[in-house]
Every structure is written in C-alpha cells, then in structure tokens.
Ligand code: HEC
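Given as structure tokens, the chain that follows is alone and in the form predicted alone.
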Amino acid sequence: MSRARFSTTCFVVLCVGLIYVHRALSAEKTAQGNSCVQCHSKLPASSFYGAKSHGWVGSIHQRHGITCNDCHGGNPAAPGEKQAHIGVLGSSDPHSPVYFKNIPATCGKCHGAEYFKFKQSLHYQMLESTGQGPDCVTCHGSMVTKVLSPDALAGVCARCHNQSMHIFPDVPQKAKQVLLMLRESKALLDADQRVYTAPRSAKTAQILDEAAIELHDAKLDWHKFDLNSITNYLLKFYNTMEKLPPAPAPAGH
C-alpha cells in the first residue's frame, strides 16, 4: 500500500470513529436531565417500550434532540414515573398527539413544509373524513424514521390501490417508477456536484442551485401524492441539468 493511500485510509477510519463518538456523546447529552430517556433506555430491548427507546438511540430524531415528550407529552424533568407521565395519552385516545389522525399535525411542528403539502392531498382528506387514509408513520415509521424503497412503496400503496378494491390499481407501479426517478435524479445531482468542484463558474453554480431547488420541490410535492406534478418538476430538473457546460477534465489530464 502506498503512503498516500495508507494516509487516506487512516483519515477515513478516523472520521468514521469520530462520527460514532459524536453520536454517543450526543445521545448521552440528550439523556441528561430527561427522565423519559433515562428510564426507558433501561427497559429490555425485547419489550415494546424498550425496543422503541433502543431504536431511538442513533436515529435522526435523537441527533436533533427530539425526545419522547416532544411527541408524547409528559414532563421529562420530573424525577418520578407518575409525575413524568402526567399528560401522556395512549395512541388510541383521540386527544393524544400520536393518535393516528393527529400524527400529521404532530410531525408538522418540525416538518412544516411537508405538512403543508400533505394537507393538500386526497390522502389527508380521507384521513380526516373517514380515518382510512395514510399518515406520516405509514411511510416513514415513528421513532426510527425511514424512506421506503421503490418496491416497499409499491407494497404499501397496494394495500388500498388494488384490483379487488377498485381504487386506482395502477398507482403502486406508477408511484414506484416516480420514486425511482427521484432517486436517480438525486444521484445525478450528487455526482455532478462532485464533478463540478469549487471554485465553480457563476453559470455552473447557478445551474446546480436551480436544479437542487427543482429536485427539492419534487420531493416536497411527493407529500401531495400528485405523481404528475412530481414528474413535471423532474422534467424541469433534467432540462436544467442539460444546461451544464462540459465537465472539467480530471486533475493530471
């Protein structure tokens, strides 16, 4: 192994190590003074509440300091279990922030743009009127947030959109294709942002910024579940990316 490659490998290992140390320190800092985290983290991972607590550690919610009380209520400063649980309501209680109809508004406290788009969707209208529409947890989970793969998404959509229920049975495959387009678009933008390294010309920087905005708008419109609108944003994105000048030659060529 060359000296340069060895140095690079050491640097990468060091960075990975620092990331894990940072996450551990962040989790410890978040737990300080929070009786919810301190108590629930001691529960066995095999139990329902223990599994939720253990899954929260290292999640994006934990990294941003979002703890149990932010969604469930309660008093994390209280030393005793009874006092800490005052105000906490079960998910089956219509007044609970995590009651299935209330979940969009609860998530919307932080994810305002996504909530705004979701309220424009037919899914939201169904959820409000009949209680049968999806909410944020349907696609993203709760404690450990996720983004569904295209195949998993098609499976979730097919729960309602299928031949037997006669509710737009073509939606699962269409949604899968649009999600694939979104993923490919993100990969393309990421690749070109690496190729066109700084310092960039003003024109190149403007094109990449414009493309990033169009891709962001497409992602936001996903929460409206308007597949045609998302596709239109992606077409604008591809047209913008085609305006990029020839990529610079690699160093040394």
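Start at 1 with the first residue shown and count on from there. In this text the structure is predicted, and so the values were computed from the model without any measurement. Rigid core: the largest C-alpha set superposing within 1.5 Å between the two forms.
Keep in mind the form predicted in complex with the ligand is missing from the figure; the text below concerns it.
Every residue of the trio Val37, Pro79 and Cys136 has some heavy atom no more than 4.5 Å from the ligand in the predicted bound form. Listed residues Ala45, Ile60, Ala205, Val195 were compared with the ligand in the predicted bound form; Ile60 is the one with a heavy atom within 4.5 Å. When the ligand is considered in the predicted bound form, Val88 lines it closely, a heavy atom lying within 4.5 Å.
Taking the partner from the other structure, the ligand in the predicted bound form has a heavy atom within 4.5 Å of a heavy atom of Lys109. Put simply, Gln132 is close to the ligand in the predicted bound form: some heavy atom of it is within 4.5 Å.
At least one heavy atom of Gly73 is located within 4.5 Å of the ligand in the predicted bound form. Residues Glu114, Tyr115, Phe118, Leu122, His123, Met126 of 114-130 are found to place at least one heavy atom within 4.5 Å of the ligand in the predicted bound form. Relative to the superposed rigid core, the position of the CA of Ser53 differs between this form and the one not shown by 2 Å or more.
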